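Here's a solo chain for you in structure tokens, the form predicted alone.
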Amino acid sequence: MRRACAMALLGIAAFTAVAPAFPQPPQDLDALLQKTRDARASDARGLDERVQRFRDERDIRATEMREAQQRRDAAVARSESLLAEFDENEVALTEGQTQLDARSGNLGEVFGVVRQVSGDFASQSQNSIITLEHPARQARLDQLATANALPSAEALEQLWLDLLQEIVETGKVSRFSAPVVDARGAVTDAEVVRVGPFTATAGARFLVRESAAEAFTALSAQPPRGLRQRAATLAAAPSGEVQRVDVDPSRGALLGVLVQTPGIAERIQSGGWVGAVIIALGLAGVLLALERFIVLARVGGRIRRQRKDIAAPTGDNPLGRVLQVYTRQPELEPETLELKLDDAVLREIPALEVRLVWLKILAAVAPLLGLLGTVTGMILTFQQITLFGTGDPKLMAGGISQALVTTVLGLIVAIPMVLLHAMLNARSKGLIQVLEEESAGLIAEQSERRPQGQARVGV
């Protein structure tokens, strides 16, 4: 408004300033004044309309505020009413619980005992293989163990029946169909033979039940063949037939340890390269001893046959070759004959004692290699202790196993080698003694024959 008036006054001043130069008719000033008045009146009406809208909105907000206050008052009143009702219910509940405790009397103690027994039985049943044959009892036991109200008479009777069933099933060998998870994770239904709560088998496979699992699990590594054969025999036996059966009293724990026990191949493998060398030497010693045993047995047989026919010596045995020295030159002097026979016997001895010294060497080297494996295994153990400490015994088991296995392998090879060497050496010495005895007999015969001038060959 002020801006319009200022603009009008400036217009009038400008018009007045130029009036002397450009005179205007008086009607224009009246029109301008009228326009100014009209503009002012229009602005006044707009202001009145705005004020009226503000007043209307104020009235609406006041009405809404009064309604909100009424709703708040109603909510406060309802809250107070509910609090009062809650307090009354708390009092009534306390009085009811007091009356219930007073009226239940010894039933409260019975309820506690039932919950305790149900909880213990449910915990035992959760891992029992009997539960897989009677799966419905687990839900009943869990419900009783976690119930907050007095159990019904039917529930107590069912608990008693479940306990009796557990006692009866503990002494039974039962067959039933159940899902079995194999090593590849495949689930198949199979006929399971259960021996009490201890052992379960499916054919020749031993089964265990994981904690709270709904199916049996076949052991990843089955026990030795004898146990599996007896399990298969039990599975195929007709009802009522008595069979020998293997029972795991630990309910699967011993079977788990048994299948994890390393076999002979795994034990030998733990000996490392030292164990492999000891085994190679042992095999070589066995082959060498076998060859010597066959050769000495064959030579001994030929010598025995030659002793039965001294008069006709042959060249296929040491005794025959020694006798041929005498038969070729029967007229030799006893002293010369003795020297020739000693030379013939000495030529036969190396063939009888050949390669026996290697058995003796192997018998001495094998325990030394075992000692070497012991030292290297202990060095490996101490290195692992230095790197990883003593917190995990499994990290040290490799070195200790190598030390013990190589020691055992060395003794296993050395002891038979000593016995084989002693046996074959005695056999060789026995054959050499036969040659020496026969040579001495020939010399004595030659000495006796010379004074009498008769040719005689014999022992």
Partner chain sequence: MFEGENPLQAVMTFLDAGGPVVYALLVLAVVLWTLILERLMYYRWQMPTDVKRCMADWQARPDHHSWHAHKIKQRRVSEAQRHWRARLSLIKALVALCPMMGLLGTVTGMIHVFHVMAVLGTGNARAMAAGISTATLPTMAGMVIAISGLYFVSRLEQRVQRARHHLHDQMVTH
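Residue numbers count along the first chain shown, from 1. Just so it is clear, the structure is predicted and the values come from calculations on it, not from any experiment.
Below: the form predicted in complex with its partner chain, not depicted.
Colleague: Among R72, G108 and Q158, does every residue place a heavy atom within 4.5 Å of its partner chain in the predicted bound form?
Modeller: No: none of R72, G108 and Q158 comes within 4.5 Å of its partner chain in the predicted bound form.
Colleague: Taking heavy atoms and a 4.5 Å cut-off, does L337 contact its partner chain in the predicted bound form?
Modeller: Yes, L337 lies within 4.5 Å of its partner chain in the predicted bound form.
Colleague: If you check in the predicted bound form, is A426 within 4.5 Å of its partner chain, heavy atoms only?
Modeller: Because a heavy atom of A426 falls inside 4.5 Å of its partner chain in the predicted bound form, the answer is yes.
Colleague: R355: heavy atom within 4.5 Å of its partner chain in the predicted bound form?
Modeller: Contact check for R355: no, nothing within 4.5 Å of its partner chain in the predicted bound form.
Colleague: Any chance R305 has a heavy atom within 4.5 Å of its partner chain in the predicted bound form?
Modeller: It does not: once its partner chain is placed as it appears in the predicted bound form, R305 has no heavy atom within 4.5 Å of it.
Colleague: Would you mind picking out the stretch of 401-409, 28-36, 43-51, 58-66 that comes within 4.5 angstroms of its partner chain in the predicted bound form, counting non-hydrogen atoms?
Modeller: Of the options, only 401-409 has residues within 4.5 Å of the partner.
Colleague: Can you pick the one in R230, R115, R321, K360 that has a heavy atom within 4.5 Å of its partner chain in the predicted bound form?
Modeller: Filtering the options by heavy-atom distance leaves R230.
Colleague: Hey, which residues along 400-439 are within 4.5 angstroms of its partner chain in the predicted bound form, non-hydrogen atoms only?
Modeller: The stretch touches the partner through I400, L404, V405, T407, V408, L411, I412, A414, I415, V418, L419, A422, M423, A426, G430, Q433, V434, E437, E438.
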